[in-house]
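Below sits a lone chain in structure tokens, taken as the form predicted alone.
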Amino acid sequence: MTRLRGRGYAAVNYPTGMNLGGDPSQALIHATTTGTFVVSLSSVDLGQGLKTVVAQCAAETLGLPFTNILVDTADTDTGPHCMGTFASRGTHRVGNAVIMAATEARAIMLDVAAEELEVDAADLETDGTGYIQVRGAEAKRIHITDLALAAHFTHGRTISGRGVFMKEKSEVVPETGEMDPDSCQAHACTVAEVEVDDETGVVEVLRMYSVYEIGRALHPAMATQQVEGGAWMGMSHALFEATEPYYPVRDHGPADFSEYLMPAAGDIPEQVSVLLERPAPTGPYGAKGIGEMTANAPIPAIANAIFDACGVRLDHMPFTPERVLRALDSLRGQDLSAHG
């Protein structure tokens, strides 16, 4: 028995959004009487952190603390229109729409503050802690809670805004074939180190190194979690998951999730993840989408590492022990024939 080690890498680039008959998302924002700004969306947070980065975009644009933002992802009956949470489009499309809505709301907020402070709105700024103040005369200021109360009960105004971001459909130029099918593209490379047992066929992923260029990381910790969670998914596709097993009959297939194989905690390799920031001109504060691409590169990286370790090229997932052993037997048979 020999445990063979190998290293493989794979690179990927991935588009943000899609090219249908327009790809819009809308956002609404309004201030409550206490100065909390409610962002209303039909966009869905599937666990990727959309509500957090949307709140960040709103807070940054308004110039208020993150804690002053409440994101309400209601439903498609009552919320503003959104095409959906897919195509790695959520942060890009919804973030841009929220920035547009918050920009409109900020203008109204400063107008009301100007009336309260008896100054010109152009002379006002936000300090990031909840105060709107006169530039150069910071002592003359008003807190967002007091301002929201004044807007509602003194001035009869609603501090609110609307935003819609749409990527228009791009048609193919017949003469050249060129088009603009997406808004921007993220890029990544994954390196996998594996160990292959040539007696049992078991493949163990020892380490994975990932480098992702994602525009700007609005929330670096969550972006890293997406990268490493996606690497786990890619490893699961590569080595474990199969809804249609290769056995002669389907009766051997998994009947429920207790039989559906996925990597457990002990199977997760050491991971090193690096984020590179190259802000996209069209992205919210430069961000690109990375939701789907994180599971892509690990699969061919693991396949290439297996090839580097033992010389077999596997092109059908999952790379099970049986497939590894069959490929090794075939390789040995070819060697015997070559030297026969």
Partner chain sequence: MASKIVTLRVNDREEEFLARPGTTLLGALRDTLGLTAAKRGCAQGACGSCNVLVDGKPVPSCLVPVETVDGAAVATLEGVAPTGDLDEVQAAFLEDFATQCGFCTPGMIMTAEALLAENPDPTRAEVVEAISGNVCRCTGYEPIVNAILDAASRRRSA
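On a predicted model such as this, the values are computed, not experimentally measured, just so you know. Residue numbers count along the first chain shown, from 1.
There is another form of this protein, the form predicted in complex with its partner chain, and it is not shown here; the text below is about that form.
Asker: Go through S236, T126, S183, S160 and name the one with a heavy atom inside 4.5 Å of its partner chain in the predicted bound form.
Answerer: Among S236, T126, S183, S160, a heavy atom within 4.5 Å of its partner chain in the predicted bound form occurs only for S236.
Asker: Which residue, T103, T145, Q225, T76, has a heavy atom that falls within 4.5 Å of its partner chain in the predicted bound form?
Answerer: When its partner chain is considered in the predicted bound form, the option within 4.5 Å is Q225.
Asker: Contact between G253 and its partner chain in the predicted bound form at 4.5 Å, heavy atoms?
Answerer: Flag for G253 set to no.
Asker: Answer for Y209 alone: is it within 4.5 Å of its partner chain in the predicted bound form, judged on heavy atom distances?
Answerer: So Y209 does not count as contacting its partner chain.
Asker: My question is simply whether F257 lines the interface with its partner chain in the predicted bound form - judged by any non-hydrogen atom within 4.5 Å.
Answerer: Yes, F257 is a contact residue.
Asker: Find out whether any non-hydrogen atom of G229 is located within 4.5 angstroms of its partner chain in the predicted bound form, and reply yes or no.
Answerer: Looking in the predicted bound form, residue contacts with its partner chain include G229, since a heavy atom lies within 4.5 Å.
Asker: Contact check in the predicted bound form: E241, A264 and I268 versus its partner chain, with a cutoff of 4.5 Å between any heavy atoms. Do all three pass?
Answerer: All of them do, each having a heavy atom within 4.5 Å of the partner.
Asker: Counting only non-hydrogen atoms, choose the one of 281 to 289, 61 to 69, 40 to 48, 297 to 305 that falls within 4.5 Å of its partner chain in the predicted bound form.
Answerer: Residues of 40 to 48 come within 4.5 Å of the partner.
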